[in-house]
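The same protein chain appears twice below, in two forms, each given on its own as structure tokens and labelled structure 1 and structure 2.
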Structure 1
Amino acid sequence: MDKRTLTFRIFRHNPFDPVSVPRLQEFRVEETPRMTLYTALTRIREEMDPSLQFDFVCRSAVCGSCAMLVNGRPRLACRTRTEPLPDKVTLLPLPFFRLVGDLSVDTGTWFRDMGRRVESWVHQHRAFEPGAEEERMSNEQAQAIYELDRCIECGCCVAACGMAQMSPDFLGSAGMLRIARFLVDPRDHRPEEAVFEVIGTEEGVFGCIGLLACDDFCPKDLPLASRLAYLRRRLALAAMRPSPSTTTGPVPVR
């Protein structure tokens, strides 16, 4: 089989350079067996243009730093093979996030702020005791937490979200997944009223317009759609329950 010559049309722009103009620059790379986009970009930077900016750390789909738009779809460069792609590939930075330069965007600031908004820590009624024995949980509970903790914060779900593009305050599926992780944690004592304050709004679960592109493009196949449905059911049930002032007994927890 003849080797292909791939044409990459790559977004170039340095927002910190007043004379830089956004543009697409073409590079031609000879395809090699099992080539990934990361490999191709590294060859371009090492052999053709050392000024090309893109991010990578692990090359194993763990760090999430190499996410970009590949022919309009958010993907990780390190795990995207070139074989199934056409001869011409357009690479753009992820939308929604602040552009650092070329294909590099700042996802860290958004995820840090999102973590603060959803109060991404275990809430307990008692003070932390460093010398206390670690609380026990079942294997099933630990596995459920781990499943929701696998997010690598690549930003693909947010970049694919139509609502996020229209509303910069929207938490996105990453924010919803983060708070769902603590709701399944038996150590977290956060009252449902506090949960409703964070995600029971148009910026939370009720702002989702149901396209679920987040679920389609998550590179780790996280259960984004099912967790969104879980949060909506939980908040709907909480809203339907009578307030404590109108009941004579304890309110059942479902």
Structure 2
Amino acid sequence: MDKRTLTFRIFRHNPFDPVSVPRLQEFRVEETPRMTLYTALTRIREEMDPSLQFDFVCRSAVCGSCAMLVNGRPRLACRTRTEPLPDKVTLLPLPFFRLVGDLSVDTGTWFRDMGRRVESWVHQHRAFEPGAEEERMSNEQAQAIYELDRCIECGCCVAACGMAQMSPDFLGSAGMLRIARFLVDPRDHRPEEAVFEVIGTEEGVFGCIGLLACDDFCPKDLPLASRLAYLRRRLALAAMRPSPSTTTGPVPVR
């Protein structure tokens, strides 16, 4: 195989440097076998420009730190091998999230806020009993929860979402998935109304116009589209059922 020289065009801007202006900068790197964007960017930083900002922690696609736009598509950089890429690669920071600098964005703050809004924790009535045996659960059920618990909060889904770009309060499919995760968990006892109050709004499922780019770009192949559809169905069913507080009528839409 002929050795390729890859040309990386990388977005540069340091918001804390008063003279910095956003621009694209080119770096040329000789490709090595099994190179990933992690390997390439590390080499650029260590050998060409020590100020280049980007975020990697696990470099194994489990921590969600390194999402960026690779030739226009949101991807985990650590899991992007250079071999299938063309000779010219453009790297931009994820849109939507606040820029920290160059390819580094603040996904953490957004996801924390999402977690708070959807109350991303098990709602229980009883206290933990240290001496007691664990509550039983079928392995199937455990697997089903795990399946929806696999989100790594990388932000690819939100970055790919046309709605999120327009309405910053939209919970995104990451937020919907989080709620779905707790709905399948038998340990979670949040009242149904509380769920619908969060998702039965423009910030929730009604904010989604069904472009479903999220589903295409999720690096973990999470069932984002099917969970969105599921939440919609549940919402519709609940709206038809008479509830003790409101005898008839639709779920309140704020």
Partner chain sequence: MTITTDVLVIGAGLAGERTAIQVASRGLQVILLSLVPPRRSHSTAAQGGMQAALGNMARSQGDSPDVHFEDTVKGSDWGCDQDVARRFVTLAPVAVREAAYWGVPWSRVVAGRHKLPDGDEVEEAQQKEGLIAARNFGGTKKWRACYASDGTGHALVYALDNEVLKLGIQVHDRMEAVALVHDGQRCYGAVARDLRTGEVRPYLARATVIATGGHGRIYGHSTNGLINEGTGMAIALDTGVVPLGNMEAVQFHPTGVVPGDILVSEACRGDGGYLLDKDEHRFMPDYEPAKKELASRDVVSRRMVQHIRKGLGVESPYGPHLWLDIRHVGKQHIEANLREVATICRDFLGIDPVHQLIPVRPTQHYSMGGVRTNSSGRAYGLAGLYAAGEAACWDLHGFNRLGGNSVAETLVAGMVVGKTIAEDLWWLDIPSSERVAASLAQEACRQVEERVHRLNAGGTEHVFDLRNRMSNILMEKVGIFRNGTELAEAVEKLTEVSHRARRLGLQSGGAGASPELALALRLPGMIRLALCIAYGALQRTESRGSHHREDHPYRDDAHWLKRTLATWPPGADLPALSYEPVCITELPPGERGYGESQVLAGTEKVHG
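None of these values were measured; they are calculated from a predicted model. The term rigid core refers to the most C-alpha atoms you can superpose between the two forms while keeping them within 1.5 Å. Numbers given to residues start at 1 and step along the sequence of structure 1.
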{"property": "Correct structure when looking for the form predicted together with the partner chain", "result": "2"}
{"property": "Threshold 2 Å Cα movement between structure 1 and structure 2 at Gln124, rigid core reference", "result": "yes"}
{"property": "Rigid-core-superposed Cα shift at Glu134 between structure 1 and structure 2, Å", "result": "3.0"}
